[in-house]
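In the block that follows, a single chain appears as C-alpha coordinates, in the form predicted on its own.
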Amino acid sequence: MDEIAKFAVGLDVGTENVRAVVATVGKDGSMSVVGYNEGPNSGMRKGVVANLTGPAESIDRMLGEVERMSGFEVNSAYVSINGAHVMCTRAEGMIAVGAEDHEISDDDLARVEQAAVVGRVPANRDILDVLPLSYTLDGQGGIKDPLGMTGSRLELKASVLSALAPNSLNLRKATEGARVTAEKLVPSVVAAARAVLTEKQMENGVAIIDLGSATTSVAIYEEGDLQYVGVLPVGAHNITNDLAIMLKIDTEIAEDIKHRFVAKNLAGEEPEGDIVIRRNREELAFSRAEVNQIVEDRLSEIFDGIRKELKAAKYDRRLPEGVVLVGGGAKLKDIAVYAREALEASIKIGLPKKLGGVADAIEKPEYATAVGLAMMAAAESGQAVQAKTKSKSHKSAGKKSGVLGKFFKKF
(Lines give C-alpha, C1' and ligand atoms only; values in the text may rest on other atoms or scores of the structure.)
Protein backbone atom coordinates (compact mmCIF):
# COMPACT_ATOMS: atom_id res chain seq x y z
CA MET A 1 0.00 0.00 0.00
CA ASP A 2 1.37 3.38 -0.98
CA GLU A 3 2.26 5.73 1.84
CA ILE A 4 0.40 8.95 2.49
CA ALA A 5 2.73 11.94 2.74
CA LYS A 6 2.30 15.66 3.19
CA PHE A 7 4.25 17.63 0.64
CA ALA A 8 4.73 21.17 -0.63
CA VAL A 9 5.62 22.41 -4.12
CA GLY A 10 7.15 25.72 -5.14
CA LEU A 11 7.09 26.66 -8.83
CA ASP A 12 9.18 29.64 -9.92
CA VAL A 13 8.07 30.79 -13.38
CA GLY A 14 10.76 33.17 -14.61
CA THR A 15 11.16 34.89 -17.94
CA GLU A 16 14.03 32.64 -19.07
CA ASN A 17 13.83 29.67 -16.71
CA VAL A 18 11.31 27.68 -14.71
CA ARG A 19 12.32 25.95 -11.46
CA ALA A 20 10.46 23.67 -9.11
CA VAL A 21 11.14 22.32 -5.63
CA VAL A 22 9.16 19.49 -4.01
CA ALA A 23 9.54 18.87 -0.29
CA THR A 24 7.94 16.54 2.21
CA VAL A 25 6.66 18.15 5.39
CA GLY A 26 7.13 16.47 8.75
CA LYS A 27 4.68 16.59 11.64
CA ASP A 28 6.92 19.16 13.32
CA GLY A 29 6.92 21.36 10.20
CA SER A 30 10.41 20.37 9.11
CA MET A 31 10.99 20.13 5.36
CA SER A 32 12.99 17.65 3.36
CA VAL A 33 13.61 18.29 -0.35
CA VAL A 34 12.79 15.21 -2.42
CA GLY A 35 12.72 16.70 -5.91
CA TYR A 36 13.90 19.69 -7.89
CA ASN A 37 14.60 20.70 -11.47
CA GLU A 38 15.00 23.68 -13.75
CA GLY A 39 14.57 24.22 -17.45
CA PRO A 40 14.37 26.95 -20.08
CA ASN A 41 11.16 28.93 -20.43
CA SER A 42 9.58 30.68 -23.40
CA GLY A 43 6.57 32.84 -24.10
CA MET A 44 7.24 35.45 -21.40
CA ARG A 45 8.49 39.01 -21.52
CA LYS A 46 9.81 40.85 -18.48
CA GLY A 47 7.99 38.51 -16.12
CA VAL A 48 4.65 38.65 -17.94
CA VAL A 49 3.03 35.88 -19.99
CA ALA A 50 3.12 36.80 -23.68
CA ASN A 51 1.59 33.54 -24.93
CA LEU A 52 0.10 30.63 -22.98
CA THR A 53 1.65 27.78 -24.93
CA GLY A 54 5.30 28.54 -24.13
CA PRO A 55 5.18 28.57 -20.30
CA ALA A 56 2.73 25.64 -20.17
CA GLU A 57 4.97 23.40 -22.26
CA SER A 58 8.10 24.52 -20.39
CA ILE A 59 6.52 23.75 -17.02
CA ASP A 60 5.27 20.41 -18.32
CA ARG A 61 8.72 19.32 -19.53
CA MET A 62 10.50 20.50 -16.40
CA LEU A 63 8.07 18.80 -14.00
CA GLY A 64 8.56 15.41 -15.65
CA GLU A 65 12.00 15.06 -14.06
CA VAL A 66 10.73 16.47 -10.75
CA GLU A 67 8.02 13.83 -10.55
CA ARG A 68 10.41 11.00 -11.38
CA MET A 69 12.87 12.23 -8.77
CA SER A 70 10.34 12.81 -5.98
CA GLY A 71 7.87 10.03 -6.71
CA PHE A 72 4.98 12.50 -6.46
CA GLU A 73 2.61 13.68 -9.13
CA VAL A 74 2.55 17.48 -9.01
CA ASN A 75 -0.98 18.81 -9.42
CA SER A 76 -0.80 22.09 -7.48
CA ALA A 77 1.86 24.52 -6.31
CA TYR A 78 2.61 27.95 -4.97
CA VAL A 79 3.66 29.94 -8.03
CA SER A 80 5.83 33.05 -8.41
CA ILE A 81 4.57 36.16 -10.19
CA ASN A 82 6.81 38.96 -11.38
CA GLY A 83 6.85 42.09 -13.51
CA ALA A 84 6.67 45.84 -13.08
CA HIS A 85 2.90 45.56 -12.55
CA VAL A 86 3.40 43.96 -9.11
CA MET A 87 2.83 46.53 -6.37
CA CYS A 88 2.80 46.87 -2.60
CA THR A 89 0.50 49.57 -1.20
CA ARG A 90 -0.48 50.66 2.31
CA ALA A 91 -4.07 50.31 3.45
CA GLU A 92 -6.01 51.05 6.63
CA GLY A 93 -9.42 49.84 7.78
CA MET A 94 -11.67 49.96 10.84
CA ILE A 95 -14.70 47.94 11.96
CA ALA A 96 -17.00 47.78 14.97
CA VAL A 97 -16.90 44.25 16.37
CA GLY A 98 -19.56 44.37 19.10
CA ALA A 99 -19.71 44.95 22.84
CA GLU A 100 -16.67 45.75 24.92
CA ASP A 101 -16.36 42.14 26.08
CA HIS A 102 -16.41 40.77 22.52
CA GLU A 103 -13.54 38.38 21.72
CA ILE A 104 -11.78 39.03 18.42
CA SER A 105 -12.32 36.08 16.07
CA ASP A 106 -10.97 34.99 12.69
CA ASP A 107 -14.12 36.40 11.10
CA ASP A 108 -13.37 39.81 12.62
CA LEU A 109 -9.83 39.72 11.19
CA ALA A 110 -11.20 38.85 7.76
CA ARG A 111 -13.75 41.69 7.97
CA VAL A 112 -11.19 44.34 8.90
CA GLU A 113 -8.90 43.17 6.07
CA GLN A 114 -11.82 43.55 3.68
CA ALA A 115 -12.55 47.02 5.04
CA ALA A 116 -8.92 47.99 4.51
CA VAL A 117 -8.78 47.06 0.83
CA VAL A 118 -12.25 48.07 -0.39
CA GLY A 119 -11.96 51.21 -2.47
CA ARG A 120 -8.20 51.38 -2.09
CA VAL A 121 -7.19 48.75 -4.66
CA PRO A 122 -8.34 49.44 -8.26
CA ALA A 123 -10.80 46.99 -9.79
CA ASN A 124 -8.30 45.96 -12.48
CA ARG A 125 -5.86 44.62 -9.89
CA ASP A 126 -5.81 41.19 -8.30
CA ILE A 127 -5.09 41.22 -4.55
CA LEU A 128 -2.37 38.62 -3.94
CA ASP A 129 -2.11 39.02 -0.17
CA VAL A 130 -2.93 41.33 2.71
CA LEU A 131 -0.04 41.47 5.20
CA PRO A 132 -1.02 43.06 8.54
CA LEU A 133 1.50 45.56 9.91
CA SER A 134 -0.28 46.38 13.16
CA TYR A 135 -3.71 46.38 14.79
CA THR A 136 -5.32 48.89 17.12
CA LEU A 137 -8.00 47.64 19.52
CA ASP A 138 -10.06 50.28 21.32
CA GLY A 139 -7.22 52.78 21.01
CA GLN A 140 -4.45 50.40 22.06
CA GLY A 141 -1.99 50.33 19.16
CA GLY A 142 1.01 48.25 18.22
CA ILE A 143 -0.82 44.92 18.45
CA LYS A 144 0.59 42.19 16.20
CA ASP A 145 -2.14 39.58 16.71
CA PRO A 146 -5.43 40.59 18.36
CA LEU A 147 -7.01 37.13 18.06
CA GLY A 148 -8.73 36.26 21.35
CA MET A 149 -8.42 39.78 22.79
CA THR A 150 -11.54 41.68 23.85
CA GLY A 151 -12.72 45.00 22.49
CA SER A 152 -15.37 46.79 20.45
CA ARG A 153 -13.42 48.61 17.70
CA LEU A 154 -10.70 47.04 15.60
CA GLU A 155 -8.37 48.93 13.27
CA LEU A 156 -5.77 47.59 10.84
CA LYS A 157 -2.74 48.91 9.00
CA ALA A 158 -1.51 46.56 6.29
CA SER A 159 0.66 46.12 3.22
CA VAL A 160 -1.39 44.94 0.24
CA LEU A 161 0.34 42.99 -2.53
CA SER A 162 -1.44 43.19 -5.87
CA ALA A 163 -0.91 42.55 -9.57
CA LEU A 164 -2.74 43.49 -12.73
CA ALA A 165 -5.67 41.09 -12.99
CA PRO A 166 -5.10 40.09 -16.67
CA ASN A 167 -1.46 39.22 -15.96
CA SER A 168 -2.22 37.07 -12.92
CA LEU A 169 -5.10 35.36 -14.75
CA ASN A 170 -2.88 34.51 -17.72
CA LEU A 171 -0.23 33.08 -15.41
CA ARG A 172 -2.84 30.84 -13.78
CA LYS A 173 -4.00 29.73 -17.22
CA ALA A 174 -0.44 28.90 -18.23
CA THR A 175 0.08 26.66 -15.17
CA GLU A 176 -3.31 25.05 -15.70
CA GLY A 177 -2.18 24.26 -19.24
CA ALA A 178 0.43 22.04 -17.57
CA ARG A 179 -2.26 20.60 -15.26
CA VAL A 180 -0.88 22.44 -12.25
CA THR A 181 -3.22 24.55 -10.14
CA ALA A 182 -1.69 27.75 -8.80
CA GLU A 183 -2.86 27.65 -5.19
CA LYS A 184 -1.38 31.07 -4.55
CA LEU A 185 0.56 33.64 -6.56
CA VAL A 186 3.46 35.20 -4.65
CA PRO A 187 5.83 37.95 -5.87
CA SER A 188 9.15 36.27 -6.55
CA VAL A 189 11.18 38.56 -4.28
CA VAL A 190 8.74 38.00 -1.38
CA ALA A 191 9.06 34.24 -1.78
CA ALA A 192 12.85 34.50 -1.93
CA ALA A 193 12.83 36.51 1.31
CA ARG A 194 11.09 33.62 3.04
CA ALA A 195 13.95 31.31 2.08
CA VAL A 196 17.01 33.45 2.83
CA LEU A 197 16.18 36.14 5.41
CA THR A 198 16.34 35.61 9.17
CA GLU A 199 13.92 37.02 11.73
CA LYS A 200 16.69 39.25 13.05
CA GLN A 201 17.33 40.74 9.62
CA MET A 202 13.65 41.43 9.01
CA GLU A 203 13.26 42.96 12.45
CA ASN A 204 16.25 45.31 12.22
CA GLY A 205 15.75 46.37 8.59
CA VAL A 206 16.96 44.67 5.41
CA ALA A 207 16.44 44.82 1.65
CA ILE A 208 16.39 41.77 -0.59
CA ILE A 209 17.12 42.17 -4.30
CA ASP A 210 16.20 39.48 -6.83
CA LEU A 211 18.46 39.94 -9.85
CA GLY A 212 16.50 38.00 -12.47
CA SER A 213 17.13 37.66 -16.18
CA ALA A 214 14.61 40.27 -17.35
CA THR A 215 13.53 41.99 -14.12
CA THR A 216 15.08 43.18 -10.86
CA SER A 217 12.84 43.07 -7.80
CA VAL A 218 13.34 44.89 -4.50
CA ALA A 219 11.63 44.16 -1.19
CA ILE A 220 12.25 45.91 2.12
CA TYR A 221 11.54 44.49 5.58
CA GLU A 222 11.56 46.26 8.94
CA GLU A 223 10.07 45.43 12.34
CA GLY A 224 9.42 41.96 11.01
CA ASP A 225 7.06 43.13 8.26
CA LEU A 226 7.15 43.77 4.54
CA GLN A 227 7.34 47.53 4.00
CA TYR A 228 7.92 47.95 0.26
CA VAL A 229 8.08 46.09 -3.06
CA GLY A 230 9.28 47.45 -6.40
CA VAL A 231 10.14 45.80 -9.72
CA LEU A 232 12.46 47.17 -12.42
CA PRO A 233 11.99 46.02 -16.06
CA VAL A 234 15.69 45.28 -16.52
CA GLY A 235 17.83 42.33 -15.50
CA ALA A 236 20.98 40.27 -15.99
CA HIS A 237 20.02 39.21 -19.51
CA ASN A 238 20.34 42.84 -20.59
CA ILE A 239 24.06 42.50 -19.87
CA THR A 240 24.20 39.47 -22.16
CA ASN A 241 22.38 41.37 -24.92
CA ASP A 242 24.72 44.35 -24.57
CA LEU A 243 27.78 42.12 -24.89
CA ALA A 244 26.32 40.31 -27.90
CA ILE A 245 25.56 43.58 -29.69
CA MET A 246 28.74 45.47 -28.85
CA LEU A 247 31.13 42.53 -29.43
CA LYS A 248 29.18 41.18 -32.44
CA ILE A 249 28.85 37.67 -31.03
CA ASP A 250 25.97 35.31 -30.33
CA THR A 251 24.26 35.30 -26.94
CA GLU A 252 25.73 31.95 -25.84
CA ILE A 253 29.26 33.32 -26.07
CA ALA A 254 28.11 36.58 -24.46
CA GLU A 255 26.62 34.62 -21.54
CA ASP A 256 29.92 32.81 -21.04
CA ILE A 257 31.84 36.08 -21.04
CA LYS A 258 29.38 37.67 -18.62
CA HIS A 259 30.25 35.15 -15.93
CA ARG A 260 33.99 35.55 -16.42
CA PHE A 261 34.44 39.35 -16.39
CA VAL A 262 36.42 41.15 -13.71
CA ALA A 263 35.84 44.91 -13.74
CA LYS A 264 38.77 46.97 -12.48
CA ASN A 265 36.71 48.90 -9.94
CA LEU A 266 35.53 45.60 -8.45
CA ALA A 267 38.83 43.72 -8.15
CA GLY A 268 40.92 46.82 -7.40
CA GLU A 269 43.17 46.57 -10.43
CA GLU A 270 42.83 45.79 -14.12
CA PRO A 271 43.81 42.17 -14.93
CA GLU A 272 46.24 41.79 -17.78
CA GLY A 273 45.51 40.09 -21.09
CA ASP A 274 42.43 39.64 -23.22
CA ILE A 275 39.45 37.40 -22.58
CA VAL A 276 39.79 34.30 -24.75
CA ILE A 277 36.82 32.08 -25.66
CA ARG A 278 37.13 28.84 -27.63
CA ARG A 279 34.19 27.75 -29.76
CA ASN A 280 34.15 25.02 -32.42
CA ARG A 281 37.94 24.97 -32.80
CA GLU A 282 37.89 28.73 -33.17
CA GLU A 283 39.60 31.02 -30.69
CA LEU A 284 37.94 34.39 -30.02
CA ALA A 285 39.74 37.18 -28.17
CA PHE A 286 38.13 40.28 -26.70
CA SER A 287 39.52 43.32 -24.97
CA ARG A 288 39.00 42.89 -21.25
CA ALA A 289 38.72 46.64 -20.80
CA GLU A 290 35.93 46.83 -23.39
CA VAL A 291 34.06 43.91 -21.83
CA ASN A 292 34.38 45.45 -18.38
CA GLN A 293 33.07 48.79 -19.62
CA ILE A 294 30.03 47.20 -21.29
CA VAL A 295 29.16 45.23 -18.16
CA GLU A 296 29.75 48.17 -15.81
CA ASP A 297 27.54 50.48 -17.87
CA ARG A 298 24.59 48.12 -17.61
CA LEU A 299 25.21 47.32 -13.94
CA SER A 300 25.33 51.04 -13.26
CA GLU A 301 21.87 51.44 -14.81
CA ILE A 302 20.44 48.51 -12.81
CA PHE A 303 21.85 49.66 -9.47
CA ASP A 304 20.87 53.29 -10.12
CA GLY A 305 17.32 51.99 -10.47
CA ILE A 306 17.63 49.99 -7.28
CA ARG A 307 18.95 53.05 -5.45
CA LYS A 308 15.93 55.05 -6.67
CA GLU A 309 13.61 52.34 -5.30
CA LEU A 310 15.32 52.52 -1.92
CA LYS A 311 15.04 56.30 -1.92
CA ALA A 312 11.37 56.16 -2.91
CA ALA A 313 10.77 53.88 0.07
CA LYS A 314 12.88 56.19 2.28
CA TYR A 315 15.29 53.41 3.18
CA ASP A 316 18.37 54.51 1.27
CA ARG A 317 21.38 54.03 3.62
CA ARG A 318 18.92 53.22 6.42
CA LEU A 319 19.17 49.43 6.49
CA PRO A 320 21.15 48.09 9.48
CA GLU A 321 21.20 44.57 8.02
CA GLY A 322 22.14 45.81 4.56
CA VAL A 323 21.13 44.11 1.32
CA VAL A 324 20.79 40.43 0.38
CA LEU A 325 21.18 39.45 -3.29
CA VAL A 326 19.42 36.46 -4.84
CA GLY A 327 18.52 35.31 -8.35
CA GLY A 328 20.68 34.21 -11.26
CA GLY A 329 22.30 37.65 -11.49
CA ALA A 330 23.72 37.18 -7.98
CA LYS A 331 26.18 34.66 -9.46
CA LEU A 332 28.05 37.36 -11.39
CA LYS A 333 31.68 37.58 -10.35
CA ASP A 334 32.36 40.28 -7.75
CA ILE A 335 28.71 41.42 -7.86
CA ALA A 336 28.69 41.79 -4.05
CA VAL A 337 31.67 44.16 -4.20
CA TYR A 338 30.03 46.24 -6.93
CA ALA A 339 26.70 46.34 -5.06
CA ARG A 340 28.41 47.47 -1.85
CA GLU A 341 29.93 50.46 -3.62
CA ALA A 342 26.79 51.29 -5.62
CA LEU A 343 24.32 51.05 -2.72
CA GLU A 344 26.66 52.06 0.12
CA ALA A 345 25.46 49.16 2.23
CA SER A 346 26.67 45.78 3.43
CA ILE A 347 25.96 43.02 0.90
CA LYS A 348 25.37 39.29 1.26
CA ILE A 349 24.54 36.61 -1.29
CA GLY A 350 21.36 34.84 -0.19
CA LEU A 351 21.39 31.04 -0.16
CA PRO A 352 18.40 28.92 0.91
CA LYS A 353 19.34 26.73 3.88
CA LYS A 354 17.92 24.77 6.83
CA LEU A 355 16.34 22.12 4.60
CA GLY A 356 16.92 18.39 4.63
CA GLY A 357 16.99 15.78 1.89
CA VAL A 358 18.80 16.75 -1.29
CA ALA A 359 18.76 20.45 -0.36
CA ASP A 360 22.53 20.79 -0.79
CA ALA A 361 22.07 20.76 -4.56
CA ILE A 362 19.77 23.78 -4.49
CA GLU A 363 21.62 25.99 -2.03
CA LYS A 364 22.06 28.51 -4.81
CA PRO A 365 20.78 32.10 -5.15
CA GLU A 366 18.74 31.23 -8.25
CA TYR A 367 16.72 28.66 -6.28
CA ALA A 368 15.76 31.07 -3.48
CA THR A 369 12.32 31.85 -4.94
CA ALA A 370 11.34 28.21 -5.60
CA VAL A 371 12.47 27.16 -2.11
CA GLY A 372 10.64 30.08 -0.52
CA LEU A 373 7.44 29.15 -2.37
CA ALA A 374 7.70 25.58 -1.11
CA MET A 375 8.25 26.84 2.44
CA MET A 376 5.17 29.05 2.21
CA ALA A 377 3.13 26.17 0.80
CA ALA A 378 4.28 23.93 3.66
CA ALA A 379 3.36 26.51 6.29
CA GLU A 380 0.00 27.46 4.82
CA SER A 381 -1.43 24.53 2.90
CA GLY A 382 0.76 21.45 2.66
CA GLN A 383 -1.18 18.63 1.00
CA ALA A 384 -1.58 14.98 1.91
CA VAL A 385 -1.27 12.92 -1.25
CA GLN A 386 -0.56 9.36 -2.29
CA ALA A 387 3.01 8.70 -3.40
CA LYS A 388 2.97 7.78 -7.06
CA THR A 389 5.76 7.59 -9.63
CA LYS A 390 4.77 8.56 -13.13
CA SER A 391 6.98 8.56 -16.21
CA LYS A 392 7.72 11.85 -17.89
CA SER A 393 6.96 10.52 -21.37
CA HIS A 394 3.53 9.28 -20.30
CA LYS A 395 2.70 12.50 -18.48
CA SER A 396 3.88 14.79 -21.26
CA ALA A 397 2.23 12.80 -24.00
CA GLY A 398 -1.06 12.73 -22.15
CA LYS A 399 -1.04 16.46 -21.53
CA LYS A 400 -0.01 17.63 -24.96
CA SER A 401 -2.29 15.35 -26.94
CA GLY A 402 -5.26 15.60 -24.61
CA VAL A 403 -5.73 18.14 -21.83
CA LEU A 404 -3.17 20.68 -23.09
CA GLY A 405 -4.56 20.64 -26.61
CA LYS A 406 -8.15 21.04 -25.44
CA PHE A 407 -7.12 23.74 -22.97
CA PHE A 408 -5.48 25.98 -25.55
CA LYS A 409 -8.26 25.33 -28.06
CA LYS A 410 -10.68 26.62 -25.46
CA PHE A 411 -8.73 29.81 -24.73
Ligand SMILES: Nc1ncnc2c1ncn2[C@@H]1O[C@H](COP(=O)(O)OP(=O)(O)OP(=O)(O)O)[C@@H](O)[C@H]1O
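If you're wondering where the values come from, they're calculated on a predicted model, not measured in any experiment. So that there is no doubt, residue numbering starts at 1 and follows the sequence shown.
Note that the form predicted together with the named molecule isn't included here; everything after this is about it.
Shown alone here, residue 213 lies within 4.5 Å of the named molecule in the predicted complex, counting heavy atoms only. In the predicted complex, residue 47 approaches the named molecule with a heavy atom inside 4.5 Å. Using a 4.5 angstroms limit between non-hydrogen atoms, residue 331 touches the named molecule in the predicted complex. Although the partner is absent here, residue 10 is not a contact residue: none of its heavy atoms lies within 4.5 angstroms of the named molecule in the predicted complex. Contact check at 4.5 Å (heavy atoms) against the named molecule in the predicted complex: all three of 14, 255 and 258 pass. Heavy atoms within 4.5 Å of the named molecule in the predicted complex are found in exactly one of 229 to 237, 274 to 282, 112 to 120, 157 to 165, that being 229 to 237.
This chain is displayed alone, yet in the predicted complex one of 327, 187, 146, 177 has a heavy atom within 4.5 Å of the named molecule; that residue is 327.
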